[in-house]
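Take a look at this single chain, the form predicted alone, given in C-alpha cells.
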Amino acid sequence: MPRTYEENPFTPTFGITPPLLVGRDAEIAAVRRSLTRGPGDPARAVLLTGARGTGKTVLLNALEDAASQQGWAVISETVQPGLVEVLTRTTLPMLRAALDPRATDSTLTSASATVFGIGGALTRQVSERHPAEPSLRDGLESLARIQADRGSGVFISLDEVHRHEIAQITPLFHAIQHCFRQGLPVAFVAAGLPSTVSRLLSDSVVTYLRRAERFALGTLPDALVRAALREPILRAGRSISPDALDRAADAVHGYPFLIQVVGFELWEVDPGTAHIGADAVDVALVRAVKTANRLVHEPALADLSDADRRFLAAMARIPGEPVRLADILERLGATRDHVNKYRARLIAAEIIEPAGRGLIRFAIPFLSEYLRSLGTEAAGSEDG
C-alpha cells in the first residue's frame, strides 16, 4: 500500500503566504525597525512595486504580521471604490471602540429602592464615546492617539493600488500625512504595479510620498529559488533529485509565483512516491505553463493597449532572446520613435526589460510561449 504524505505544501494562489518565504528579510527587518523608532524613520511609509507574481501581496502579509506582533493595530485593505467611506464610517470607529477601554460612557439616570435597600434597581444610559467621525482625518488621528497611549500605533496596508483609483484614495494619503506631521504613530505600505507608483510619485497633491521608502521586488537568485523548492518538499517527508531540482529551478527564472506553481505541479505528478525524479519535471512544466497562462499572462496583458500587444506579439515571433529592437522595427514596419515609445511603456509596466544596447527580453517567464500560442498578432488602434 503506497505511503500517504502530507498535503501539497505549495500554494500557487496569489496572496497566499508560501511555505517558505525567501528573499524578503531585508524589507521585513526595515519595517520592523521603523515601528520601534520614531515617526521620522523612512520605512514608516513604504511604496512596494513589482510585476504581477513577484510577491507583493505575500510581502504585505508578512509586514502586517510583523506589525501585529509588535502590538500595532493593522488595517489591511485592497483598494476599491468606496474604500475611504468604509474606513471612515466602519473600520476606524470599530477599531477605536475595540481598543479604547473607555469606549463607552455610562451615566446614572435614575435609582429606586425597597425597604432596607433590598430589591433596588439602577438605570444607566450607555453611549458610545466614538461615534462615526465626520472625516477620515479625524478618525485616523483619534485611533492613532489611542494607540500612542497604549505604546503602539496604526499600521495601514494597501494592496492593488491601481492607476484609475488614485484620486479616490487621495483623502487617505492626506490623513496619513496629517498624522505624520502631528508626530503620531502611523505607518503605511502601499503595493502596486510600477506604473501606478510612478503616477503616485508624480502627483502634485501627495508630494510627501516622494520621500517614502521604496521596495522594488524582482526575481530571486538561484540559491533562494532552490531552497524555496527543496525545503517544503523535504519538510513534507519527500525528496527530490538534484537533476529534477536543477531543471525546475531553471524553469522558474527567479520568478517568485512560479516557484509555487512549479513546486505544486512537481508534487502532484506522482504524490504517492517518496522521491521526485527528473522524469516528473517534463509533466510538471507542461501543467505549470498552463497555470501561468491563466493566472499570470492573461492578467498581465489585460491592461495593455492594442499597440502594446502588437509590439509584444512581434517580439515573441523573433527567435531567441534577447531580441534586437531593430528586428522588431522591421517586423512591425514602424518608425524608430514608435518602437521606442512602446519599448519604454512596456519596460515601465515590467512586461519586458533591457538586455543591453538595443536589446530587450521578456521580464515574465513563459510569456513569449504564451504569445506565440495565441496564433495571431493583436489587432487594434495604433495610438494605444
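This structure is a prediction, so every number in the text was calculated from the model and none was measured. Just count from 1 along the sequence shown to find any residue number.
Not pictured, yet referred to below: the form predicted in complex with a small molecule.
Checked against the small molecule in the predicted complex, the candidates Ala316, Ala51, Ile328, Val46 yield a single residue with a heavy atom inside 4.5 Å, and that residue is Ala51. None of Ile75, Leu193, Ala280, Leu95 but one reaches within 4.5 angstroms of the small molecule in the predicted complex through a heavy atom, and that residue is Leu193. In the predicted complex, at least one heavy atom of Leu21 sits within 4.5 Å of a heavy atom of the small molecule. Among residues of the shown chain, Ser34 is not one whose heavy atoms approach the small molecule to within 4.5 Å in the predicted complex.
Shown alone here, Phe311 lies farther than 4.5 Å from the small molecule in the predicted complex, counting heavy atoms only. Contact check for Val58: a non-hydrogen atom falls within 4.5 Å of the small molecule in the predicted complex.
Of the candidate stretches 302 to 310, 178 to 186, 257 to 265, 139 to 147, only 257 to 265 contains residues with a heavy atom within 4.5 Å of the small molecule in the predicted complex. In contrast to the form presented, in the predicted complex the C-alpha positions of Ala51 and Pro365 draw closer by 3 Å or more. In contrast to the form presented, in the predicted complex the C-alpha positions of Val79 and Ile364 draw closer by 3 Å or more.
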